[in-house]
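Just the one chain here, the form predicted alone, laid out as structure tokens.
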Amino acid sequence: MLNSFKRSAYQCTGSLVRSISNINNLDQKEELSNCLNALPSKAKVVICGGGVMGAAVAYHLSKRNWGGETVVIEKESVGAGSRWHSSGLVGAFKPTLAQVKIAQSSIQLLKELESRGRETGWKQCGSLLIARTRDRMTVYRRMKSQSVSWGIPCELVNPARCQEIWPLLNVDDILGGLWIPGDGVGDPYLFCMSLMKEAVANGVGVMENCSITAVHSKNGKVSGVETTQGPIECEYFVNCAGFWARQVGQLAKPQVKVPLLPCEHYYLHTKKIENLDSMTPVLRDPDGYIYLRERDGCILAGGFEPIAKPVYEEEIETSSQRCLSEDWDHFHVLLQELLKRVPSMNQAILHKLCNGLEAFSPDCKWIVGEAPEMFNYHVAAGMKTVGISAAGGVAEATVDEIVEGYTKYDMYELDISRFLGLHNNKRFLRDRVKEAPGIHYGLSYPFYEFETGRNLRLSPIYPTLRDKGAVFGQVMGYERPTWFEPVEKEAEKPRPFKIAHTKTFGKPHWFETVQREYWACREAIGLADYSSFTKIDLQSQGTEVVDLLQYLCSNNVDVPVGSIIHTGMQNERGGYENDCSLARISENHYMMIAPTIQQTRCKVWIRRHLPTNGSVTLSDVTSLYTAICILGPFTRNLLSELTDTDLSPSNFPFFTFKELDVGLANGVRAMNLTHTGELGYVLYIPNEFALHVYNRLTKEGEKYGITHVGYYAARSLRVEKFFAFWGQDLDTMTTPLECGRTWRVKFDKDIPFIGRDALLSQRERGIHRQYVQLLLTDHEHELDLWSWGGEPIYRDGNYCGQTTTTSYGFTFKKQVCLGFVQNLDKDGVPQKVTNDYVLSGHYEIDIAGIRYAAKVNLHSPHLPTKYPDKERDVYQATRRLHDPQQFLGRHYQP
């Protein structure tokens, strides 16, 4: 029975701080004192939303001495909204290191406020994650491995220990768990009020019962807001409207797209349970989609059901309307799991079941950053029910960007610029949000693919690829083949649409298929659809576009017409804002090819630096061209049969561009590169010619053994060749010096590029981490768990870094891992890293608790091949060993 619950034998490192004595106090609210009676005519920053996120942003601004220039607008009262539909769970483990650091910042802020006598409800009671399946235990073993690098104390526990920590637990079907003593709970309302009190004490103005009606801009920047209490001129606007963030975005001129949609979310509250210890840990059972915690002597339980119920937010105008009538039929799946996990809950007395709406983003991640549509318009929303665990860190990052122009956190994966307009489509959101909440507790298998919101962006050759056996993954809404299943010639057409999946942490079921595609690229011809790549045209009447790109790019872009260069676009700290290829189409015309995920982000970065006189035009031509890549030793032979242009190395050398006639089509932009290190070409084909060119390539390529290949084969090729990729290996914190691309940085250009001074300083003092390739030497790929990225790297037995991208190397016949190595002293402080330091160590990679020996490489390897080629073999993406100009023509500009 629940009333027999006694304090268990677990150990916690926290202490119980003040708590509300009666759960009925959840209906009580405190009135914030010293609010504004009238709005000022001017402010530097206007924050929309007086919830925990808005309060955290106001608090951090006030700590930067911006309090007197900051106004918070709240349409009801600060902290409005029912306290019945907030879980208050605070956990440090998140899917990525950036999110972990943000959560750790939030936890630290909770502790700091408590130490100053401000109420937050913080209790460090710990949390217990339990597993019903072997795959879930594998996830926990991977988390335990990562905890070393992430600084999260935790312990793998067996079923008996799980029951010791949580005595009422039914462990009959439990395989084990993960105990995290540093986790805890808080009260979002108390946290919000304490933050706002501190902000007000530091000069922040708060206007309650006031609504934003418009956000104005001038010259592309925020210029002011209209409210129901009058206008305010301002320089910055922060959308912390939470549930209503999407609607507030629509008030801006131009509209700011904040892709959020609410769905029903349930919280079950019991009556008071005798002797329930106030330090009862949080219990999470993700295989059953549920969690439980103690709250004021009662149990609060909830979960993230696999299929959620979306709601249109236009129907909800006030916070009280966010509490809908309960739907016991929908909650039944969670209730069943709760009673199964804690059978004695059958005897608990129900207090109430709350149906409180919560808003989710399309990928179930937070939405943070400066809006693409308007400079100085910042968004901090979409906290997916755990705002208390995100608010402190997200607010700190937001204020960093406002005050300093950048933040110490690498926020690109959470940045609002990861979306396109399609993600804000209401019907798309309604479809996707059914699935998004379930991701929260879903098994984090590699290469997860959503099943909703599909078949959206399709290249002209998509139907043909589908019928040829393509299994698709989605990126930026684009359907991209991941691999191709064998298809019988007599197979029915159209073939059903198939979504890729990798529901294992070991050898995947698609291994042999990808292996066949890999060898086609190395020994015959592979054909891949690259249409999702970002394609940008940059032009000017005079040399303005050259000057702009010289300023934006760390490589030299002033190269002969027809050349292609590979370059980074660095930020002021030297990190990568973009990694791209630039083809010089004519004297004052460049075509930029960038990663798919950069379609919005790189345009924002470039627009931020465009000349104000309009002399440079930027055109997104991503949807105008179909990109077909042909890879392999016979690609020159094949393409020569379809064009009259001389494709010999002397006329069309590596890393150059030509406009070709292919088959009967014209205007095909051909680039002599593949982004994988293999011989071949990427053909950017006007859409109306795409199917014709594809048909001619496949027909003429039959005699060369042409094979359709997907993204996974291309990934394997580039990992084996030690090619770094933005968003996986490169990010806003990584510099060219760290990843072996110093030779692509031209410090002596006439126009100093952004980040030049930071890179010169780093070159002078030395780097503190280095990009490496590691080959696992004692790993059995058929039996052992695989490395999928994020695994700790050990040097001479000591932690020294993490893997980034990994793949199986079919030529090496080994697991290949890319990652960064550091030189950490006994206190964990990074020291200078040299080649000698890297090469002198013995390396291991920890995969779910088992360490595998690894051989380290610093340079792109030369892979043995039946078809050696001087052009391909001389090109090295990472740390060149010789001068390529000895072997290649004057156009070679990598």
Partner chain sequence: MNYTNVSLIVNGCLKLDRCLRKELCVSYSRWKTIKPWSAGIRCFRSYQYSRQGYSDDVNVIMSPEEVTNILRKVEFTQDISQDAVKYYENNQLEANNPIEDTRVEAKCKLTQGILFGVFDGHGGPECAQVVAKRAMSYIAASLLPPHIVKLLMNGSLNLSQILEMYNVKGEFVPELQQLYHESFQKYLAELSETHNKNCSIADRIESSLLRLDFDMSHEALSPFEGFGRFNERTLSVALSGAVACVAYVNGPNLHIANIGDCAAVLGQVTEDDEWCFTKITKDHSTANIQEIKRIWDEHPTMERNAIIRSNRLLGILAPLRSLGDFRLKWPVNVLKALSEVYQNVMPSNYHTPPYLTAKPEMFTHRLAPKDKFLIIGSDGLWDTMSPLKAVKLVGEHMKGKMVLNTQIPEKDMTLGDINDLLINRKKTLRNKPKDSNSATHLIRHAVGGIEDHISVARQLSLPLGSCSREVRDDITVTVIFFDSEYLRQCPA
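Worth saying up front: this structure is predicted, and the values here are computed from it rather than measured. Numbering follows the first chain given and starts at 1.
The same protein has a further form, the form predicted in complex with its partner chain, not shown here; the description that follows concerns it.
- Note on the interface: of 230-238, 349-357, 100-108, 211-219, the segment with non-hydrogen atoms within 4.5 angstroms of its partner chain in the predicted complex is 349-357.
- Contact between residue 335 and its partner chain in the predicted complex is found at the 4.5 Å heavy atom cutoff.
- Although the partner is absent here, residue 732 sits far enough away that none of its heavy atoms falls within 4.5 Å of its partner chain in the predicted complex.
- Taking the partner from elsewhere, residue 699 is found to have every heavy atom lying beyond 4.5 Å of its partner chain in the predicted complex.
- Looking at residue 622, you'd find every heavy atom of it more than 4.5 angstroms from its partner chain in the predicted complex.
- 326 is the sole member of 778, 326, 451, 661 with a non-hydrogen atom within 4.5 Å of its partner chain in the predicted complex.
- The listed set 821, 345, 642, 139 contains one residue whose heavy atoms approach its partner chain in the predicted complex to within 4.5 Å, identified as 345.
- Contact residues in stretch 262-281 (any heavy atom within 4.5 Å of its partner chain, taken in the predicted complex) are 268, 270, 271.
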